[in-house]
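Shown below, as structure tokens, is a lone chain in the form predicted on its own; questions about how it binds or moves come after it.
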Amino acid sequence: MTPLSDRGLEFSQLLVEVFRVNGLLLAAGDELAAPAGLTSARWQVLGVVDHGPSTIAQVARTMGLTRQAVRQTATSLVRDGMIVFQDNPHDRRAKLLALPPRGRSALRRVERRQAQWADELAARISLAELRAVTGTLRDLGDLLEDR
């Protein structure tokens, strides 16, 4: 095994924790979203499209996902009437994803559940700690994007 500097070792341990927490967050998201007929992945796509009609590529970039993963999720959402494809006036080949009332209603239902869940968990961590972790993760994301 290649030896790491102290910072490299700490960074590697951070990554392991991020992966662990990501798995836990996805499981919690699935649990929060299930009563609305959603999964974490479906919820993420609806959340992006809620800000305005978006192409599959735009959703993928926003969420850091592959286009193929978003396409598969969008296809299942269309099949269930939670997203619709619209013509894109800027590109005939890249349809826009938009939220119909059914998708918007499901998203709002999950958002209400998530707000209560987030408030309950956040009450157990100081605001300063939350801000510090958020800033560190944002900085890490920026470093990775700049590579």
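A quick note: this is a predicted structure, and the numbers were derived from the prediction, not measured. Numbering starts at 1 and follows the sequence shown.
Omitted from view is the form predicted together with the DNA, to which the following refers.
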| task | Verify the contact flag for residue 86: yes if a non-hydrogen atom of it lies within 4.5 Å of a non-hydrogen atom of the DNA in the predicted bound form, no if not. | result | no
| field | 4.5 Å heavy atom contact, residue 69 to the DNA in the predicted bound form | value | yes
| query | Is there any non-hydrogen atom of residue 93 lying within 4.5 Å of the DNA in the predicted bound form? | reply | yes
| message | Please determine whether residue 39 contacts the DNA in the predicted bound form, using a 4.5 Å cut-off between heavy atoms. | response | yes
| Among the candidates 99, 110, 48, 65, the residue which, in the predicted bound form, approaches the DNA to within 4.5 Å (heavy atoms) | 65
| said: Please tell me which of 118, 28, 57, 78 lies within 4.5 Å of the DNA in the predicted bound form, judged by heavy atoms. | reply: 57
